[in-house]
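Take a look at this one chain, the form predicted alone, written out in C-alpha cells.
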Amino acid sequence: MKIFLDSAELEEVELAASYGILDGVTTNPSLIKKAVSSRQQRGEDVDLQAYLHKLLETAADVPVSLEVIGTRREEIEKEGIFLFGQFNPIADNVTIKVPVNPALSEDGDNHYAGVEAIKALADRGIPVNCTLVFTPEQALLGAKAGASIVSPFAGRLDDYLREQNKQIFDKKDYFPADGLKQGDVLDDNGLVSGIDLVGQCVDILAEFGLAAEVLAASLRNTRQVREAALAGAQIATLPFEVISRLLVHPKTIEGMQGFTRDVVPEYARLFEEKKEKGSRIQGFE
C-alpha cells in the first residue's frame, strides 16, 4: 500500500521523504492556508504561490494533490486546467482534487458537476483525485468518469455514524471496522464503518476492472492504517502524527533495550577496530 502524507507543511514532507516511505502528498486549501499563515506569523516573507512552488519542488519525486474550489462544472474544469497548467511544469507531479459531488444542498441542481468535470479533465490527460467520497456508488461514478484516484473518507464516516447516534467521542478514538454495536449495528445505508466503505470501494472497482486506485482518507490512528491495507486500499493518506506512530510498539522498545544492554564488548570492538583502521568495508570509509 502506498503511503501519502496529508499535509502542506514543508518540514513534514521533507521528514517523511527522508524515511524512504513517502509515495505522495495530499493537500487542500485549509492545509495550505495554515502552512502559509504560520510562516507569515513568524515573520517570513512568503506568498501562497511561491509556497506551492516550494512544496512541489520538495515533493518532486511523488504526486501532489491540489484541490479546486468551484462548485459548478465550468468553474471546476477551468480551475483544474489552471492549477495543472500553472504548477505541474514545476516538478511534473500535480494531481487535481475534485469533489465527487460539489452540490451545497440535497436539492441542488449540480450533483453531477464533479463527475462531469472529472471526465473533462481526464480527457485532457490531467490526473484527478476524486475526493469527498462517502459511498461506494460515488467511488464507482468517479472512477467511471476517469479519476485516477478515488478517496473514501473513512474517519469522517465513522464520525458521522457516531454523531447520528449522539455519541460523545474523540476523533482519534478507534472505530471498529466491523461496526459499532448498540443493540443493532450502527450503519449508514448499509455501511457499518469507514473501513467498510473503503473495502466496498475496492471490491466494486476491482469487480468491474476500473483502473482508479482507492485512497483511504481521513485515517485517524495506526490500526485504521492496517485495516485499510487489509481492505485492499492501494493508498492511504495520513497526517504526519499517524505516520510518526506506525513503527512504535512497547515490545520493540523493550527488545532494543535488551539488545543494546546485552552486546558483548568483543562484538562492539569489531566496529570500533574497523573505524580505527579506516577499512574500506561499506559503511566505514
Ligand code: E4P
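Counting begins at 1, following the sequence as shown. A quick note: this is a predicted structure, and the numbers were derived from the prediction, not measured.
Absent from the display: the form predicted in complex with ligand E4P. The rest refers to it.
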Among K78, R124, H111, K171, which has any heavy atom within 4.5 Å of ligand E4P in the model of the complex? K171
Could you tell me which one of S244, Q234, S37, N28 places a heavy atom within 4.5 Å of ligand E4P in the model of the complex? N28
So in the model of the complex, is ligand E4P close enough to K97 to count as touching (4.5 Å, heavy atoms)? yes
I'd like to know if F153 sits close to ligand E4P in the model of the complex, meaning any non-hydrogen atom pair within 4.5 angstroms. yes
Can any non-hydrogen atom of N221 be found within 4.5 angstroms of ligand E4P in the model of the complex? no
Taking any heavy atom pair closer than or equal to 4.5 Å as contact, tell me whether A217 reaches ligand E4P in the model of the complex. yes
Which one of these stretches, 153-161, 100-108, 194-202, 79-87, sits within 4.5 Å of ligand E4P in the model of the complex when only heavy atoms are counted? 153-161
In sequence order, the residues of 1-15 that place a heavy atom within 4.5 Å of ligand E4P in the model of the complex are D6
